[in-house]
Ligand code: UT7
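Single chain ahead, written as structure tokens, the form predicted alone.
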């Protein structure tokens, strides 16, 4: 039997733990020079990326294993027992299965919710499901996790962002435009409902424009290609991206959605302590810093070490900030995502 919960909500929500996991293999730009027609200078100039971690192809490293490792570290950082977890949400576009949800196996591996409710005389389990939102997956899932806690559907929730997109790129000159970008990783946070209404989401936004889906997509069947693109079997199971189109979209929507969220919260940019943004391209991030006149320490960039890790990129940035002691109680943090769908969104928190 599962654990039934009353719908007594929590007026506040706090991030009480975080953790990350990356594969053991590092793929540098100099490594890529040996695999395709490219150069370290060319990659750094256009993306800001110098290296990325890539999962082994023997099955020992994948979205599930990285999620388990990151989840365990976040739970340990929170100082709680896995049995206290009510729900596990996994934001990913590269699940190990379409069925079962990868999150269910992650929950089982870490022992989420597992235990015996002696008072009610039945076993306890945690709910778990995958959340597909591409590069916006973590931000969209974060807003949903907050709403579930506010509604009383859970008190303690493990949210993971994990992707292993390296299995969907070609490491040759033909696949150069995507191979240089993506890395594999997982990042997790533990959220807990609180009675303090001052902690949690101050404002948020979740938007999409499905008319531009063909700018970034992953075809598994020939009919998945846009009508104006000739299907090619060798391109199946590989990420297809219009780099210029995605760049133009991000440059336009990124500062706009930040401004809209600040307006909704009645805040100015200098009243936000950290902008934790999806790491797609260093040029986009530095342009946003310049647009809002932000100090370098307010918009952290780590794409140089990890590449674009899709749903994992935002929790990777958060972990950097927390491990360096830069996140303190009472601060405001804006999480910002944009990517395939096309999707873009924010989640502005007081922590």
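Residue numbers count along the first chain shown, from 1. Only a predicted model underlies this, so the values are computations on that prediction, with no experimental measurement involved.
Just so it is clear, the following notes concern the form predicted in complex with oxa(dethia)-CoA, a form of the same protein that is not shown.
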query	finding
Of 91, 158, 135, 106, the one that lies within 4.5 Å of oxa(dethia)-CoA in the model of the complex (heavy atoms)	135
302, 323, 38, 286 - the one with a heavy atom within 4.5 Å of oxa(dethia)-CoA in the model of the complex	38
Which of 23-31, 294-302, 66-74, 42-50 lines the interface with oxa(dethia)-CoA in the model of the complex (heavy atom within 4.5 Å)	42-50
Any non-hydrogen atom of residue 241 within 4.5 angstroms of oxa(dethia)-CoA in the model of the complex	yes
Any non-hydrogen atom of residue 258 within 4.5 angstroms of oxa(dethia)-CoA in the model of the complex	no
4.5 Å heavy atom contact, residue 169 and oxa(dethia)-CoA in the model of the complex	no
Close approach of residue 274 to oxa(dethia)-CoA in the model of the complex, 4.5 Å, heavy atom	no
Residues 212, 254 and 346 all lining oxa(dethia)-CoA in the model of the complex, heavy atom within 4.5 Å	no
Heavy atom contacts to oxa(dethia)-CoA in the model of the complex at 4.5 Å, residues of 266-289 in sequence order	278, 280, 281, 283, 284
